[in-house]
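Here are two versions of the same chain, shown separately as structure tokens and labelled structure 1 and structure 2.
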Structure 1
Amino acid sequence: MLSVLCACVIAALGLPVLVPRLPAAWRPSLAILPLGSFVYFLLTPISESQLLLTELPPVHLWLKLDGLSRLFALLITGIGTLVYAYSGYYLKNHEGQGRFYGFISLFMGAMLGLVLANDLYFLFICWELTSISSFFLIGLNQQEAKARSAALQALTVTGLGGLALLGGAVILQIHTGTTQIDALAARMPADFSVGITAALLLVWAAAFTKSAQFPFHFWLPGAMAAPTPISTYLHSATMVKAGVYLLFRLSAAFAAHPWWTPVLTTVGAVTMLYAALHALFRHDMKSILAYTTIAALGILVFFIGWASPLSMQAALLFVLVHALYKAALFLITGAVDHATHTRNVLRLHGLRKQLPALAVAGGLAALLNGGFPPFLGFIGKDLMYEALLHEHAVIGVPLLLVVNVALLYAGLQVGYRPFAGSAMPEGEVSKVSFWLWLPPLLLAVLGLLFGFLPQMPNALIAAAHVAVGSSGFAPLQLWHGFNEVLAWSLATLLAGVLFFRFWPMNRERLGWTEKVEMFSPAALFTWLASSLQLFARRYTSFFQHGYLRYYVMTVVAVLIGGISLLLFDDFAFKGSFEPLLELTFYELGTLAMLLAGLVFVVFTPSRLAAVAGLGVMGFAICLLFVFYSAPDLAITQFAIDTLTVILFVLVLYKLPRYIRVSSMAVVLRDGVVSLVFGGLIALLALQVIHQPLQRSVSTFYAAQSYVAAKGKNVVNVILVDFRGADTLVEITVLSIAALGVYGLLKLRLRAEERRNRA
């Protein structure tokens, strides 16, 4: 199993480079990769034991091949084989063929990992990988804006679902203590606490978005912007089934939850009805198929919802049937598109003359889709009716009848109508290669063969049935005798054919669905997305206006609010004015000097005077340091002050004079805000200095300075010894500043000099 996954990853990395160098005729042979995997999964027996690849907690790479995994793995690799071969020809002139093979190999690996994973987080990772490769594949025609936006829409919807899945996995791990999927059912608390219900809702969100359930279905028709082989593979046969797979996989753990059946059957029923009716009003073959795919996914969810052994069996069989006929119909659509350059069923007719093999495939696929005997579809449809007749006949059966009739109609629309009637003009239809008609024909024939010999898929479905935790598997058989099931089945066929015969598709009906388009979930999604962007833009331009002073003002305002709240809560003026009498003449003089410098700096209209004021202030501060026992600070401040003044003088006389003065009102406002802020800081400082002083650090330095570091100037010892590493970083920062100055001035100058010389 590991080697299969590795092969996919290697192919994903290698094929984008390799494919463009490969002669076009050889490219279909790349199908050897999925074909080999298909044979591997066909021959490997299923096992209850799991394979532990590696542990990167919390992700355990547990792989397990049980019946359900094998059913899906065979679909993924089998249809993958046909799609690889088909696209080798179909995309041979597409510039993105290398990318296509790379991403589709990545997708196949991720999808296989998803169905083989026995660990919730590993499953989540694969789930996201399928979303991402789907994004790139939908946008394969990257020049088309429509393809890009469809890709983004699909990624948004399925990506949000993926996030929900991660949330669900985390909650499940918290509540059950395990991430191992096959251990979940045994550890599930019997009473389904609120947490478990939340996890279930999140898992549903993931499954419904991935499997395009109403109201998240809208990304799937959009995803049809991808080339047809991609739609075949990802958006009908495999990826969209990942959500269904997840429901199958977790049904053993959750099916007993009281919400399981009501929610899933409702969502499934609404989805299948909505999509099946929509499919009747489409004329683009791919669009018809997209809606019937959504309807089929709805049917699957509907039957998983009932969670009875028979309904599970019906759902599992329908997974196989649907994959066979839907992939065939999609591939036929692609071939027709290739031959005639249109997919509009209103313009296509009589293609059986020019494309006989494709016509046979189309006819067979339509019959398989409709569930005519003796196709496998007949067995599948019978099983569905049987499952419903047993328990939920009153609502279920008529509903299913309507959906089935619509699906049959849509199948004939795609598989039969383009080939029937009078022939199209010779020039409008070109021949199609063997690579384009053989894969769909193969699938349709397989559907017929399985119908005749139901024992062939029997074991596969039975094993999957065991894997989802159901019992009482009824062997598949074509003929059940005359009973109620047969009556409903035949009624479906008759109604469908008559409907197709007497109510043919025409132009008038095309507009009907567009009238309700503005109320559809897709429109809602678009509206949500654009209003989110609008909100983001307004929010950003409101807060990120680009005016430094208003940023500063915001910060200051918040600080003022915070500090005044703090002071208001607990304020007592603790300063004392008595010591003021002890102030010496020197101190008073220094303070006066500082104040004078400050006033000068703020109010002078001359820059040079301001610089001089700064210098005076610096020297006054320096004197304060001298008075209050900080000689080191004093001399450093003195030297720095000198250098700063020199610097300013050197640079400033090149700059313009101060610009226009702000209006008086603005100055007043700023002044008041600043003074309030400064006053609060002063009060805060007074509050703080009357708290007891924490001196343990200074005491340590005082005691150890000479004893441990042999220095008597404690400040200097802290700098070069105790906190030397900080100083090392500090001087590094200093040299970076110097290099910055050098770079700013010198490098540009050199460029200017070069320009001058030239």
Structure 2
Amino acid sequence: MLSVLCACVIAALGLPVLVPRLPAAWRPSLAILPLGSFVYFLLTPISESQLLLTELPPVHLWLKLDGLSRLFALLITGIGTLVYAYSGYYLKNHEGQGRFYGFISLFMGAMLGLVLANDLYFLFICWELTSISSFFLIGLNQQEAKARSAALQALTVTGLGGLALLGGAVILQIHTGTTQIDALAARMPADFSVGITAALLLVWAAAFTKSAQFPFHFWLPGAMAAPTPISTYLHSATMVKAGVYLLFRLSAAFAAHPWWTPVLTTVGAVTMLYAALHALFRHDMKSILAYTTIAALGILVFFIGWASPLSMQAALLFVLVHALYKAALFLITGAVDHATHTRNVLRLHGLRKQLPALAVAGGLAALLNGGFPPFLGFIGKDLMYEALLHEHAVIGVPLLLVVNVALLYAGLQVGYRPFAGSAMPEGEVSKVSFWLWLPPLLLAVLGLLFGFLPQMPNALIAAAHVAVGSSGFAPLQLWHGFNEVLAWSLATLLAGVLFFRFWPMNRERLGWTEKVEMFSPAALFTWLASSLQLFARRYTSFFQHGYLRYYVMTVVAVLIGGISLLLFDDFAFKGSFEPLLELTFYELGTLAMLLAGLVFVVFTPSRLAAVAGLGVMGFAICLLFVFYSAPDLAITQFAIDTLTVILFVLVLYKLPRYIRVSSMAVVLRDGVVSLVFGGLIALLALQVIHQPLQRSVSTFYAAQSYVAAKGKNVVNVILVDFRGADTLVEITVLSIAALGVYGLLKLRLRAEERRNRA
């Protein structure tokens, strides 16, 4: 399994360079990568492999191939094989074909890693990789604003869901003590605490955003801006199925939660009904397929929510059925678009005469989509009705009937209508390569073959059924006799055909949806995005205004607030004024000089005089260091203060010597802030001085300075040896600052530049 993932990564790195150098006729042969992976997953028995990636937090590359992961891995690689081959011809003149193969290989590897992952954190990594790689795939036509916007929208929605998944994984690890997915069910607390419920909500957020559940569904129709092969791959077997896979995988751990069934069935029901009705008002073939995909995902979530053996079996079988017919219909849409340069079903008719093989594929795919016997879709539809009748879902059965009728109608619009009727003019239809009609025909024929021989997918679905923790698997059969289930199935087929026959699509119907578009989740998302950008601009302009004095004041105000909260929470003054009586004449004189310099700096109107006052204060501090037996520190401080004064004088000597830049109110404000901050620092210093002194660090340095560094001056040894890297960085910073000052001093502007800056 690890070798397959590595092959995908290597392909993602190498194909962008290799593909442009390959002759166009050879590019469909690149399908050997997903084909080899398909054969591997088809023949490999259930197995596990583990590799520790990081210790803190423990992230394992823990891969497990069981029935559920095998089902999804076969769909990913099987449909991927056809998409690779199809794209070699469909995108042969596209300037980004090399990038396409690189991104889709990365995407396939990420999806395989996601479905094979047996560790929550590794699953999250692959989850986000699918979002990132799909971003590049959807925006493959990067010169189009619509494609860029759709890619960004998809990344935003699914990326936020990924962050929710990470939060859920962390909470689950805290409450269960494991990140191993197949061990979660055994360690799940029976009482479902608040933490577990929070984790469940985050998992749902991830699944609903990825699998386009209402109200997060809007990114999926927008993603139709991608080329058709990408839409085929992302929306039939991979990207949108990731959220459904997550619900399947964690159903054993969460299905007993009291919220599981009501929430999932409600969300799934709303999603499938909303999307199915929307599909009836679309003219573009890809738009129709996008909304039917959302409806199908709603059906899957709806049946996973029931969590019964029959409902889980129906959902697993529908995963396979949907992948077959949806991939076929998408590929047919791409071929029709390639031949006619339009996807509007109102303009397409009679293509069976110019594109007979594609017409056969479209008809078979439409029948598979509608659930006509003897296709696999008929078995899947029967199983769904049987599951709902078994659960006594009184509302669920008619609701499913309405959705199935709408999906049948939409499938006939895409797979049958473009090929029926009178032929289009010869000049408007071009021939297509067999690379464009063979892949969808294979998928549709496979749906027919599985319907005739349901024992072929039976073992695959049964193994997946066991992997999700369900029992009581009923073998797949085409005929179950005359019963209530058959009656509902026949009613669906009859209603769908009559609906298609007597409710033809027209141009005015799309206008109805445009009238209510302003109330849609997509419009709400757009409003939120624009509001967030407006807030960000105003927030930035308020805080990042360009005035250094206000930046400094903001920092000081925050420090005052933080220090006050800490200092006065349990404040007891520990200072003593008795040591002031022991001050000598020299110390008092130095302090007086320091205070005089401070007063002079604050009240002098001259810049240069203020600089001189700062120098006096610095030299006074140097004297204090000398009095308290730190001559080396005094020498360093003396050198720094001297250099600072010189630099200030050199920088300021061209400015006016006397100027008043602030009003009295500003001066008073700054004075109050400064006095408060200074007073707090003084109190804090007094509190620190009276804290119990821990001499372990100083004792260590005193003992080791000569032994380890052969130096008797402990301070120098600390700066040069123990903290040598820190000192080097400080020297580097000072050197950069000195170069900057030197550059300012040497700057000479031309006359026009001086006028512009003025």
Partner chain sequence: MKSIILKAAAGFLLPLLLLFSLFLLLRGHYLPGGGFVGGLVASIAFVLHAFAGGMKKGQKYFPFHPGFLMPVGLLLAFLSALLPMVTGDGAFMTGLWYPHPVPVIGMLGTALFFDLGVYLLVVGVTLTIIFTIVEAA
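Here the rigid core means the biggest group of C-alpha atoms that line up within 1.5 Å when the two forms are laid on top of each other. Only a predicted model underlies this, so the values are computations on that prediction, with no experimental measurement involved. When a residue number appears, read it as a position in the sequence of structure 1, where counting begins at 1.
Here, the chain labelled structure 1 is taken from the form predicted in complex with its partner chain. Relative to the superposed core, residue 483 undergoes a Cα shift smaller than 2 Å between structures 1 and 2. In this overlay on the rigid core, residue 717 has a C-alpha that sits 2 Å or more away from its partner position between structures 1 and 2. Relative to the superposed core, residue 352 shifts its CA atom by less than 2 Å between structures 1 and 2. Lined up on the core, residue 551 has its CA atom moved by 3.0 Å between structures 1 and 2. The two forms line up on their rigid core, and residue 697 then has its Cα shifted by 10.1 Å between structures 1 and 2.
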